[in-house]
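Below you'll find only one chain, the form predicted alone, shown as structure tokens.
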């Protein structure tokens, strides 16, 4: 609820909690991406630099996972919109 001074404390706190959850979710996704691509692509440990094959593999792995996450997010948004429409229709 808004008062004459802007959002209430509860709304501000809810916003903070949502932002913290989004950050945790992003960090979890990033950590999983790094672990997966490292495990799948890095095979040579005699050098402190990635080889050409490893660089290509890591790049493709990261792109593939980012596209996957984008598609999942889109589908989630579509399903959420359908659910909201259905709830609005049933609530009338």
Partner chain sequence: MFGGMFGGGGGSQKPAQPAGMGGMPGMGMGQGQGQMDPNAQLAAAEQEMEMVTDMFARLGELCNKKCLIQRYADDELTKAESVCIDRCVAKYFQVNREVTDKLAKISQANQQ
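Positions refer to the first chain, counted from 1. We call the rigid core whatever largest set of C-alpha positions still superposes within 1.5 Å between the two forms. Quick caveat, the model's predicted, so the values are computed rather than measured.
Omitted here: the form predicted in complex with the partner chain. The next part is about that form.
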Handout entry: Heavy atom of residue 57 within 4.5 Å of the partner chain in the model of the complex
Key = yes
Problem - the partner chain contact in the model of the complex: residue 49, any heavy atom under 4.5 Å - result: no
Practice task
Please check if residue 34 has a heavy atom lying within 4.5 Å of any heavy atom of the partner chain in the model of the complex.
Solution key: no
Exercise for the section: Answer yes if any heavy atom of residue 43 is within 4.5 Å of a heavy atom of the partner chain in the model of the complex; otherwise answer no. Expected result: no
Exercise for the section: Sequence order please: the residues of 7-33 with a heavy atom within 4.5 Å of the partner chain in the model of the complex. Expected result: 10, 11, 13, 14, 17, 18, 21, 22, 24, 25, 26, 29
Handout entry: Core fit, then residue 43 C-alpha moves 2 Å or more between this form and the one not shown
Key = yes
